[in-house]
Structure formats: C-alpha cells, structure tokens
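Here's a solo chain for you in structure tokens, the form predicted on its own.
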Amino acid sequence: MSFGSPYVTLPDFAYHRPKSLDEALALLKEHGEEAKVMGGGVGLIAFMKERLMSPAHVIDVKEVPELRQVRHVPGKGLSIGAAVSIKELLEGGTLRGYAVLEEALARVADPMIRSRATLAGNLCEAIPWVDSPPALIALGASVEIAGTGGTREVPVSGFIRGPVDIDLNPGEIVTGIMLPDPKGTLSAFEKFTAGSEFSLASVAVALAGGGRKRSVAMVYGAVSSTPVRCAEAEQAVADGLTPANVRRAADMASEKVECVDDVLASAAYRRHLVKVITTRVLRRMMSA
C-alpha cells in the first residue's frame, strides 16, 4: 500500500522482538506512546515510509506463542491469534463455516501481502476500504485485548470508531479475534474495485436461522468512514431469499446507506454500486 511517498527508507527506530505476551506488554508500558506494535507489518511499515507514523520503538509480536494460535473455544467459537497471517487462515479449511470472511480475505491485495498481513492488523488499520471489518461485523466477531490491567473483549462493530481510530487504550495489545460458532450460518462477500486493491464499495452478508427466527446482517464497507449496516435491507430478506426480496433489499440499501464523496468515487456512484453488489451477493446466496 502506497500513496506515492517520496521516501524509500524508514525513519530511525529501535526494534524489539519479545518472546512472550508479558514481555510485549512490559515493552509497551516502558516506551508508551513512542512505541507501536507490529504483527505482519504491512500497514505499519507503509505508514512509516509515508512518514504518517514515526515510532521510536517497534515491538514485533510475530514470535509471541500466545498470538500464533488458532483454536476452538468451547461455547464461544474460533479464536484467531493476532500474529496469524491471512495466508495461514486461508489454508487447511481453517475458516470453514465462515464463508464471508474467507471470501473477503481471499481478495485482500495479493499472495505476497497475504503471506505477511494478519487479520488483526488488517482490522486495526481501520481504513475505510479494508475488506475484513464488514465481514467480521456481519459474523458478530469481537476483538480480544490484553493490557497490564487485564483483558477485555470488544465487538468489532464498536472497535472501529473512525478512520485510523480504534478502541485501544495506551498499553493495550490486540491478542486475537473471536468468531462466534457459525451454527449453519449462510454468508457471502462481494466488492467492487476500479482496477486496484481499494474497494469502492463492499458488502458482507450473514443469514442465520430460518423462518421468523432468521437473523440477518448486511454490512457495507468503503462507502463511508466506517462500516455501516442497513436495517431496511436486512428486513427485506428476513423472511427469505426470493427474487422479489432481493430486488427490495437492493433498492433499500441504495436508498438508505449513507455514501461519501472522495477521490476514489462520488457518493452517487457508490449508491449505484451498493445496489449492484447487493443484488450480486444475494443472488449468489440464493443459488448456494
């Protein structure tokens, strides 16, 4: 990821490679706001090259065993360590049952980037066009956080507060992402790009249950400063995926989802894309 930086080198910094979570937290406490935590390093290194960030200390957590685990937690779901790469998640059926997330991650950048980038890092960038947040929100995922004062868990829907703004206090580290048990959830992801990795509009859909107990989540990314749900579109397909309901959902999403103008696309064009990708993803789910 680059925005045309004139720099080809990084600013000076001290490099730390802790071997445990406690050591990482101690380093973060010692160096405070002068330190940044690095998982895959894709976003952080890009920001440093652009001189958007110039930390005096970089704490590389790739060798922290606690952050390298992917494990099923009985009664909760799948816990994905913050240092697990996207490539590792896409291999071996790790995300079986979480189609929306698997589809979103499979379209992140390119194979080289996916071998370095982590799901936690992708989320923590909190850049509007990043693809994983809408999928995680649709699944009801939460962020696992540790600090010297203990641990806490925050829904992804509340973790991203704005562009490059997340609910992470000084001295805290994201340790993982918790995905609830899918329990037969049908889900899918769709996005539109203009010949680059940057989405102009994306949508993540998750349908769980059936009949009157069906729950629906439709989350749109890249159209606003943070991912947004569309309750009206969700209600349109709550009683089933039919051609008429799909059309109604697409119309409601295009009308109700707030879209922004920026250098990548106009709000009007994004509203059109919202209708297109909603139709595409729901029709694909109808035939699944």
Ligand SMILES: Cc1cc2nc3c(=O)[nH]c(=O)nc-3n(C[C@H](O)[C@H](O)[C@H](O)COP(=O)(O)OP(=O)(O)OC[C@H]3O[C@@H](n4cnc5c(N)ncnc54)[C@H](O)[C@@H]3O)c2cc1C
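Numbers for residues come from their place in the sequence shown, where the first is 1. Just so it is clear, the structure is predicted and the values come from calculations on it, not from any experiment.
Keep in mind that the form predicted in complex with the ligand is not shown, yet the notes after this line are about it.
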*Pick from 201, 174, 141, 100: which has a non-hydrogen atom within 4.5 Å of the ligand in the model of the complex?*
174
*Residue among 89, 207, 188, 108 with a heavy atom within 4.5 Å of the ligand in the model of the complex*: 108
*Segment assignment from 89-97, 113-121, 70-78, 148-156: heavy atom within 4.5 Å of the ligand in the model of the complex*: 113-121
*Although the ligand is absent from this view, report whether residue 53 comes within 4.5 Å of it in the model of the complex, heavy atoms only.*
yes
*So, in the model of the complex, is residue 240 in contact with the ligand at a 4.5 angstroms heavy atom limit?*
no
*Is residue 82 close enough to touch the ligand in the model of the complex, meaning at least one heavy atom pair within 4.5 Å?*
yes
*is_contact(residue 39, the ligand) in the model of the complex, heavy atom dist at most 4.5 Å*: yes
